[in-house]
Ligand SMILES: Cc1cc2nc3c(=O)[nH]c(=O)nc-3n(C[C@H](O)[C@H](O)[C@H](O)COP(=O)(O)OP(=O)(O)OC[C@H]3O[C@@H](n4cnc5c(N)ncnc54)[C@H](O)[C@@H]3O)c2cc1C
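In structure tokens, the next block holds one chain alone, the form predicted on its own.
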Amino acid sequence: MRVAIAGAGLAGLSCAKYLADAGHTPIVVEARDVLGGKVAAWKDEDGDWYETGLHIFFGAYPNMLQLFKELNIEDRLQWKSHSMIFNQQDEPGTYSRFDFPDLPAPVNGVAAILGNNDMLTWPEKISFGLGLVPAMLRGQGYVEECDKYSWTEWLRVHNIPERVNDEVFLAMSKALNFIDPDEISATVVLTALNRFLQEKSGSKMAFLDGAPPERLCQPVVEHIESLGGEVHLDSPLREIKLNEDGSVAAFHIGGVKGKDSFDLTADAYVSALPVDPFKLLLPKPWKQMEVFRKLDGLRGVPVINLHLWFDRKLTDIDHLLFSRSPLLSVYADMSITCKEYEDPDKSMLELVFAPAKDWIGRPDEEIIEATMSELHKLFPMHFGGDNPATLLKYKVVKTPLSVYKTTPGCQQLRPDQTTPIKNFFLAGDYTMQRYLASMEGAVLSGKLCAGAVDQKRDQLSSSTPVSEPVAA
């Protein structure tokens, strides 16, 4: 079959890759001039990369890791020590570690928690451990049931002290969905904890060795094209045209940068767009269908990603760091953690500013000023005295609507990859899959969507007229 796919993020590219593997011909169209969607990145005037987000690959990402293996690019993942490292709020410039020993799961996770005496007391560890027992014994079914609670509410139900939130889960919630524990669904945190505790390397982290569009997305595109598929940038989906029976007749692709607009026709059609732009493109006859009406309850969360270049090394830690700051989520010195960004003399901190809802509309200068104030607490030795570190330049990347906001009740709103429209399918991390709003969720959604399309090959394949191809 010929399959039209709107969106060249991880979901769209994954869908196209697995469709091509199954013998189909995917045609991917992307509105922007860069691959990757929410993992997009650009070069500045100095040739330095800046990214949409700080992207971490976990051992608990089986579909992502399988994709790397199938593309023969596993060596591009730079694995770090099996640890989680938090800044200590009461002792600026110091860190508290959870180190996972080389033992089977969940023993290694329990040992990591019990071995850390900086952040949680023994009574807090015991009460928290007892609270996790149902999730570990009953699995994903129990985890899904907990979508009725926020994470803070879940802790209260299990009589777990509030200090556990302040010490650990304020930072983790912001890392998982850029929001606080009072807002995030308990399902999200429990899903992560289940994977971390039940898989030996689940919480082990890796950084990509360069910018995601080049080091991850481009190999996917090359694989797709090697099997006869196509990927076209600067080709925005403007309208989903319908047949009289409500099925898709064509994707109308807008003309940009001197190109003509045209209708892209295919046997099957996939939206791999984020949920917010997809809702804007919903054809009027579809809007009252329950599966699409439920999407009104899903909305992207605002995210700000920062890149700050300094005149010296601020840290020697080759890992992701949880800031435990009220304004910042996680950060890393990319001049150490990422091969392509390496600099032996200077630091480039990449930081996630979250929650961002009160800051997304403010000027970049205000955001940087607030961030620098927090960095004075994280690195007091480099910003005090007579010779403080100098900020050489910065980039602020704002995403007003990023991954969907995973608040309680969202699970029942998420659609399947198959829709009531016979030739129309959905991919994207907001669609139903167990890894929620993440890179793994996007890749898995694309794989599931490709499978759903392939299952309908006998119903959908036809002598569909082929439109004029888009200029590459």
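This is a predicted model, so every value here is computed, not measured. Residues carry their position along the shown sequence, with the first being 1.
Absent from the display: the form predicted together with the named molecule. The rest refers to it.
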In the model of the complex, is there a heavy atom of the named molecule that lies within 4.5 Å of any heavy atom of residue 178, even though the partner is absent here?
yes
Contact between residue 68 and the named molecule in the model of the complex at 4.5 Å, heavy atoms?
no
Please check if residue 61 has a heavy atom lying within 4.5 Å of any heavy atom of the named molecule in the model of the complex.
yes
At 4.5 Å between heavy atoms, is residue 405 in contact with the named molecule in the model of the complex?
no
Students should find that, of 421, 56, 410, 41, the residue having a non-hydrogen atom no more than 4.5 angstroms from the named molecule in the model of the complex is 56
With the named molecule left out of view, choose which of 444, 437, 27, 426 has a non-hydrogen atom within 4.5 angstroms of it in the model of the complex.
437
Quick check for you: of 368 to 376, 134 to 142, 274 to 282, 100 to 108, which stretch puts a non-hydrogen atom within 4.5 Å of the named molecule in the model of the complex?
274 to 282
